[in-house]
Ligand SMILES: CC(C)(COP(=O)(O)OP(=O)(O)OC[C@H]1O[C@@H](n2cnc3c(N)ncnc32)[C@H](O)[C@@H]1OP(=O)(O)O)[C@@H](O)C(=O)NCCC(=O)NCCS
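Single chain ahead, by itself, as structure tokens, in the form predicted alone.
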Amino acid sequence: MSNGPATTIIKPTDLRGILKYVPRFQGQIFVIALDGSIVADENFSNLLIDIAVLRSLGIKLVLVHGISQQIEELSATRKITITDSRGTGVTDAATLDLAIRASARVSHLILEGLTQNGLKCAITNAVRSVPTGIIKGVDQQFTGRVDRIDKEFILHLIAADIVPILSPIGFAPDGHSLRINSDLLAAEFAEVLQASKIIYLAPLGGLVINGELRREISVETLRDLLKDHPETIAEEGHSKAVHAVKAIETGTSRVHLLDGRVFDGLLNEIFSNEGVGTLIYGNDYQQIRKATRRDVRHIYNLTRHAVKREELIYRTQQAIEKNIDQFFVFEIDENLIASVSLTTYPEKPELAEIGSLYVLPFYQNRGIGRKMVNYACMVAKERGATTALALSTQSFTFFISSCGFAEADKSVLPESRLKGYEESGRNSKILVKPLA
């Protein structure tokens, strides 16, 4: 039986809520890492249904599982002393034997559950490992590290609609078994497969820092904490924090840590803005920067074609220079290829307007426009706004379908903005988005 929560207060994700995310995630690879305690929990059967839903939506999945709870249970039942249950310390011969037995049992439970949900799956031997060796004078014995992952084998399975199941047991060059930490294994697979997400399912609500559950944290902030103040990170989440940083530094853009005991938790984490656990994110916006006065002429030239087509309102170079602190630009090889502005109103500080959005035609349809809008929304939220506003005559479908805005009436406009709106005669659609 589970000692954790069996239900969630968050409304279960409905089909319409899921479908708006499908184009974004379809065809991507997610690495789902299940702690051994989650496989043993009463919510595991529900979790497998959620995993089947992800697969049915065209998301490619790789499952990695842990076994620490099962090793500890075997140790107690058989009265065999173990040296380490997590695969991070010394693994002696007796501990390795229990690890192999526990791993076979857990892998079979996952295999059985996925089969019941109509998924093809396979337990693999794709992990080649070598002994960790001697660390600080201590022989780690049968503890291993990842030496190589058979990428072609795993991709072949994925292409055949088979879900690979990876246990925390690797195989040395001589074929013998070595114990590997499953958090580490998930990060290694995410790097090799260029996965877009790792989802750690553990008996944790998320990452706790200084006693506070964090709903989201940047990799830069987390890296600094691990380096300078590791004691602020709760021990139970420490390993996953370390490997989340590794994964993001090697190309995975998002790592989620959530409670696998929560009903509908996996779907709510992936298919809602709020989520239910902790999101650790990389810097998707390193090519976006605040504009400077040196950019005025470039922004003017960048947007003038859109002005001619009446996509954007005309601004003189002087007007752009006067308000240059409102602009952000996207730069590739020192060339500006996109711009966006963010305006706030003293009489309505909860509102922030996104404007002057333009991407050079050659770079359109690459997600840059959405990234610029998302970045502006992030900055607006940091400045205390609760709602983003956009006015558009020709790009309103982009704001609605790609950025999550909805149409509103002119009553949402601040008085100063309403006057300009009515005088312009452009009859732009008014769009808003809550900044959750």
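What we label the rigid core is the largest C-alpha set whose atoms superpose within 1.5 Å from one form to the other. In case it trips you up, residue 1 is the first one in the sequence shown, and so on. Everything quoted here is computed from the prediction, not taken from an experiment.
The same protein also has a form predicted in complex with this ligand, omitted here; what follows describes it.
Contact check for Leu357: a non-hydrogen atom falls within 4.5 Å of this ligand in the predicted complex. In the predicted complex, no heavy atom of Ser411 sits within 4.5 Å of this ligand. Taking the partner from the other structure, this ligand in the predicted complex has no heavy atom within 4.5 Å of any heavy atom of Val329. By the criterion of a heavy atom within 4.5 Å, Asn365 is counted among the residues contacting this ligand in the predicted complex.
This chain is drawn without this ligand; in the predicted complex, the residue among Leu48, Leu391, Ala385, Leu61 with a heavy atom within 4.5 Å of it is Leu391. Site annotation in the predicted complex: the residue of Leu111, Val242, Val192, Ala306 reaching within 4.5 Å of this ligand with a heavy atom is Ala306. Across the options 377-385, 28-36, 394-402, 61-69, residues that bring heavy atoms within 4.5 Å of this ligand in the predicted complex belong to 394-402. Remark: with the core as the superposition reference, the CA shift of Arg254 between this form and the one not shown stays below 2 Å. With a cut-off of 2 Å and the rigid core superposed, Ile313 has a Cα displacement that reaches or exceeds the cut-off between this form and the one not shown. After superposition on the rigid core, the Cα atom of Ile400 is displaced by 2 Å or more between this form and the one not shown. Relative to this form, Met372 and Val219 approach one another in the predicted complex, with their C-alpha atoms ending up at least 3 Å closer. Shown here is a form in which the CA atoms of Leu357 and Glu216 lie at least 3 Å farther apart than they do in the predicted complex.
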